[in-house]
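Just one chain is shown here, as structure tokens, and it is the form predicted alone.
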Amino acid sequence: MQTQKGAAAHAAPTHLAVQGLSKTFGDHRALASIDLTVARGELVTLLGPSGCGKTTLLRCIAGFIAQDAGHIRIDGRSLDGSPPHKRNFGMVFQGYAVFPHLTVAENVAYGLRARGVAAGQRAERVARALDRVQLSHLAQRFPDALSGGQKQRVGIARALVIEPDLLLMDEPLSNLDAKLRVEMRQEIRLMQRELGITTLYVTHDQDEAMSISDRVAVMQGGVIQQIAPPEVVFDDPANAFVADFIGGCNWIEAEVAGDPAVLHIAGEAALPLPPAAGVRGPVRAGIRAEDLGLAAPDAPGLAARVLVRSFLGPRTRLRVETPGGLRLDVDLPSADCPREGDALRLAPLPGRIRLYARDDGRRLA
């Protein structure tokens, strides 16, 4: 499956191409032969836990770190060995990186002055950049009079004003409070779309990645585990790591047997599987909390008792335990949701049990 948005972006000409990129620090393999292409005007997010290699990859592309092997190209032009200031990339950092002794306008103009842009043209481009981030009225303020969100807007304006070939954003919202993060990520997405600027965005926040990206590259161990539009990464995870990192799963050690196939869980009732599963033997089954529901009276299901009930507005998260000691998370509509201590029977929604290999987590069905 590929969304229209994802398909359109991927059909555009390749703007950034990374091929076989590797980097080690001592005995630590930070990047392992990374291949990545980003289409012109596309926003691709590098998503993963701390230490997965996403920031190292971004810094290699920016030229701050030299790769050990591989190639980086923009529009087919090699950037290997090119210093950062020769790459014409805009960079937005996690920590704002604004100069406290310069006004907002002077901060934004800094890159233009360094490039020798004439004063008149500089003023025009700064005004245009500040207007894009809605900071025109604060042009003469100093950073100590700005909020965190305003400081980050200054950083974005400074990255945009040089009219970069590529915009690189390294955890740009991590220092902001939750409400402001949501507002800023929407504004970043709108701005990126309006300008049509190719963007590589780094975050460890899955909600952030899923909400703004044309495609998400999920990383772990210096490897891109899956790259696809957000809907595909969520609905069709390539392996157990992606399934667990994006949305989370209940994990069950089980055995697939029979014809038609059923999922045998030690000490529990067997659960039917789709005929197309085509898998037999020991597996690791993953079921998302939202993919479990109350079983119909005559349907197969897992008996359980509610341990903890967490109200989340329209949905309620239950932690339940089966007679065999299996603990599961379940998301149900809050209306008429069972209470703590209640007995219930659960069944996966049709086709929503995913099967993975126990040894390496590869997707089986």
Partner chain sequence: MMGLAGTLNLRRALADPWILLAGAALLFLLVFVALPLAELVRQAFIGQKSGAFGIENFVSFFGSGFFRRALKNSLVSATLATMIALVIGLPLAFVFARFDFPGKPWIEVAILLSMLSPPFVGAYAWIILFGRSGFVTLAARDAGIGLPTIYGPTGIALASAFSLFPLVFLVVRGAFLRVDRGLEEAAASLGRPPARVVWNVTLPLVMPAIVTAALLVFLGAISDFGTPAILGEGDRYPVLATLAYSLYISEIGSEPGMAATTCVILVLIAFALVLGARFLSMRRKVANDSAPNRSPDPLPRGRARAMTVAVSAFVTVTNLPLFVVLISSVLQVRGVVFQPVLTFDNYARAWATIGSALTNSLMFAGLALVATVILGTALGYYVTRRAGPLARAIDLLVMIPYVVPGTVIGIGYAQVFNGPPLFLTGTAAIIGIVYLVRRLPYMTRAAASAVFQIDATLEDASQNLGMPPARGFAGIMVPLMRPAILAGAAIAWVEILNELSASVVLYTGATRTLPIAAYQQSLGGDVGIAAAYAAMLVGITVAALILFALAGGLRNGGPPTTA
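Note that this is a predicted model, so its numbers are computed, not measured. Numbering follows the first chain given and starts at 1.
FYI, the form predicted together with its partner chain isn't displayed, but the following is about it.
Here the marked residues F311, P323 and L344 all miss its partner chain in the predicted complex; none has a heavy atom within 4.5 angstroms. Here the chain stands alone, but in the predicted complex its contact with its partner chain, taken as any heavy atom within 4.5 Å, falls in 81 to 89 among 181 to 189, 145 to 153, 124 to 132, 81 to 89. Although the partner is absent here, P260 is not a contact residue: none of its heavy atoms lies within 4.5 angstroms of its partner chain in the predicted complex. Remark: G111 counts among the residues lining its partner chain in the predicted complex, judged by a heavy atom distance of 4.5 Å or less.
Within 4.5 Å of some heavy atom of its partner chain in the predicted complex lies at least one heavy atom of R115. In the predicted complex, R59 approaches its partner chain with a heavy atom inside 4.5 Å. Only one of I246, L176, I162, I265 comes within 4.5 Å of its partner chain in the predicted complex through a heavy atom, and that residue is I162. Contact annotation: of the candidates L307, A32, A69, A303, the single residue with a non-hydrogen atom within 4.5 angstroms of its partner chain in the predicted complex is A69. In the predicted complex, the residues of 90 to 111 lying within 4.5 Å of its partner chain by at least one heavy atom are, in order, G90, M91, F93, G95, A97, V98, F99, P100, H101, Y110, G111.
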